[in-house]
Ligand SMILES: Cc1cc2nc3c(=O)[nH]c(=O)nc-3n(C[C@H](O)[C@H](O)[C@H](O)COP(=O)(O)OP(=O)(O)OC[C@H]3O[C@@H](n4cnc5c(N)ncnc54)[C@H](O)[C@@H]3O)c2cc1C
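Quick heads-up: it's one chain on its own, the form predicted alone, in structure tokens.
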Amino acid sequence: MSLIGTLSLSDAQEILWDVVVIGAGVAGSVVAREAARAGHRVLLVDKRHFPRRKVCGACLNDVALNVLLQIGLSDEIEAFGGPQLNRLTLHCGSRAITVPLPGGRAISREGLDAALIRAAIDMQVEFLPDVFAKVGRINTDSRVVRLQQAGHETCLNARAIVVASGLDGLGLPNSDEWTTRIVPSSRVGAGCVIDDSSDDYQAGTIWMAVGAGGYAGLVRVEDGRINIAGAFDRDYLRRHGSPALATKSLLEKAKFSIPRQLLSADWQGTVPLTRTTTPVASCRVFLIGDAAGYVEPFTGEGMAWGLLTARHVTCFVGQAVSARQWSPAIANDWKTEYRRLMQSRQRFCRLWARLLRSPTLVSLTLSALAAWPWLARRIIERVNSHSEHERLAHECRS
């Protein structure tokens, strides 16, 4: 079902907003809902029309589900009936290992994003799709957001802005305020969702094929379709000519079956994945999720990171709304908290991303994990641990 805007562009520009959230993915929708739940007047904007497809592994891991439970959105997830994830099967050449997962759900991004936007609207968030948004100049007690829709440009003002626009970031390539560093060797992502009624790739398992030029993961989502998402070296993609052929090569070498519609599917690609944008907070602007930084994920970390930062940034956003005179301390506090939330997690995934680039190391690792199953469990538990995040991120002060 299509999600339409709740107000017009001309109506939006007449309002001084407490919070404007740029990007209506999982992170943006959740932070918009949380800000509205705190009593703020919130506008959520996105350049796309919803529901929309997105290159994503479609896996909510245990960390992500825990965040949704804590903020009262677990019923929305249960309503999907998406398969519960209970194991990860990883193949590299002739080596393979299956590792139990502590929890998780497989849900399509079309369904998940639309459900979270509806939950935000139910909390009185105003929603404006099909709009390009950029952060603008600084005012005394607010900041400008520049909007463009169907060739019409306008501006509005907000006490606080949250950028949750994914790998698109701020949309300001020549900004003096932010710097985005893209790792030169960064892989690019590609993905599709296909209808498949075969008995291959049973629900509840993440299937991952690792090769010399990248890796691809497959999982069945709530309606039985197979979601495929991969990360590839750019030279590897050029040699094969398309993401479909690159994925086919990986699956064949891993001895996986080839889904019938793999080559005819409608594939989407991404910009280079591994990147960092600094600073993650500036005058009345907070970056969360992939907009702040991205590392090739392992089993659903991307959405977990987005949800964690969305939940924990809310009180800093509240401080910005209350501050008629901006205090740099608010930005510094979010930078500190962001590092506490993300530094060790991204470092861990960065290590695994490097490992996955070497099939020889992957093969040796799989042999070691097969010999010592407890080590595999410890690694998965480390990825899915959320005990440190069950505390409040920051004691909000007036």
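For every residue, the number given is its place in the sequence shown, counted from 1. Everything numeric here is computed off the predicted structure, so don't read it as measured data.
There is another form of the same protein, the form predicted together with the ligand; it is not shown, and what comes next is about it.
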{"query": "Candidate from 133, 92, 193, 320 lying within 4.5 Å of the ligand in the predicted bound form - any heavy atom", "finding": "133"}
{"query": "Heavy atom within 4.5 Å of the ligand in the predicted bound form - residue from 166, 243, 213, 104", "finding": "166"}
{"query": "Contact stretch among 56-64, 325-333, 349-357, 34-42 - heavy atom within 4.5 Å of the ligand in the predicted bound form", "finding": "56-64"}
{"query": "Heavy atom of residue 82 within 4.5 Å of the ligand in the predicted bound form", "finding": "no"}
{"query": "is_contact(residue 24, the ligand) in the predicted bound form, heavy atom dist at most 4.5 Å", "finding": "yes"}
{"query": "Touches the ligand in the predicted bound form: residue 284 (any heavy atom, 4.5 Å)", "finding": "no"}
{"query": "Exercise: residue 170 in contact with the ligand in the predicted bound form, heavy atom 4.5 Å", "finding": "yes"}
{"query": "Residues of stretch 226-249 in contact with the ligand in the predicted bound form (4.5 Å, non-hydrogen atom)", "finding": "229, 230"}
